[in-house]
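Just the one chain here, laid out as structure tokens, in the form predicted alone.
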């Protein structure tokens, strides 16, 4: 029996599960939610000075292998994380696990011919047509999820009945996971977008607005940033976040070329999300945001290089910025304390 598993990131396991379960005759094992146990497993078996996403995903893989997974799917990034699948595979083999590692993206590059060969390793009889069809639906699902999330970030901090947005989103994801066609998916999206807009909110004309930028994994996996967005929303704040899967797949490459031509602060790609975040910082400063939060995992080299430039831009526009670096030993209490102080300072500035 083929048992496929992959490290999850936020709610994106829904379209990933949907795709894999429809194109392979296999059991797709849902990775358990990240817990302190996951972090402990990942940290214990990782090199000390390696970035946090490596440790979190390694810990998740160990938990999946313990649930009898025999094929692991990994997707590298546009930084050194793009090379981590090979190292993770070697570590897991040294721990005595028997499995096949399928790395769909290396060095930030997606090659569909290569992916076709990798899929044949999973199931030699898999159908390309089914993959194209269900791949299309899965990508549309990602797009719709990201659009809904953008709306939620702008409004969840002002809901009159606590839990309204979260409960409706959980219901929506269950419905999305069971669709049989793109038409059905689109109808569900329109239906739920209307329902989200009908949730009663009490939003002032000029609420506090904070933009969040940084390294993609730490941004998109809530556990890795201690549910920072949720904590901000509890203080009646409108949130802006640029990075999501749809943006990374379909928008980033084109926009980055445009940024680098017209940005006085950076003229070349610094790797991963660094150049992107410099431009996003400038956008937030020029579009009336009250504050910026930059988050990254420890030892994230591209973001370390971008931080002085981001700080320079924020200082020029006199927009307060808060930097967070997360690792397996980060104190949640310390994060909350700094967030509260940042929020109090922004509110005071707004009043004055």
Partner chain sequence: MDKIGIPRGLFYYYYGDIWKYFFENLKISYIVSPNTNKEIMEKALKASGDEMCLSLKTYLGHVEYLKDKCQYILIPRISNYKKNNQTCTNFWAVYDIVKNQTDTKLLHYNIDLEKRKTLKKGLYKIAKQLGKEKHQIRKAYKNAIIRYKKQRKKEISINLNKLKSDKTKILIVSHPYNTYDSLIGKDIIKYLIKNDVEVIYCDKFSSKITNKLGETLAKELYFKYSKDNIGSIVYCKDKIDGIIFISSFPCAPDSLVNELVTRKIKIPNINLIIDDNSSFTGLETRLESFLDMLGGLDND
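Numbering follows the first chain given and starts at 1. Just so it is clear, the structure is predicted and the values come from calculations on it, not from any experiment.
Note that the form predicted in complex with its partner chain isn't included here; everything after this is about it.
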| query | finding |
| --- | --- |
| In the predicted complex, the one of 169, 241, 80, 143 near its partner chain [non-hydrogen atom within 4.5 angstroms] | 80 |
| Contact residue in the predicted complex, from 68, 33, 37, 312 (heavy atom within 4.5 Å of its partner chain) | 312 |
| Its partner chain in the predicted complex: contacting segment from 296-304, 23-31, 314-322, 282-290, heavy atom within 4.5 Å | 296-304 |
| Residue 50: touches its partner chain in the predicted complex, heavy atom cutoff 4.5 angstroms | yes |
| Partner proximity in the predicted complex: residue 271 to its partner chain, non-hydrogen atom cutoff 4.5 Å | yes |
| Residue 103 within 4.5 Å of its partner chain in the predicted complex, heavy atoms | yes |
| Its partner chain contact at residue 249 in the predicted complex, heavy atom, 4.5 Å | no |
| Interface residues of 89-104 toward its partner chain, as seen in the predicted complex [heavy atoms, 4.5 Å] | 89, 90, 91, 94, 103 |
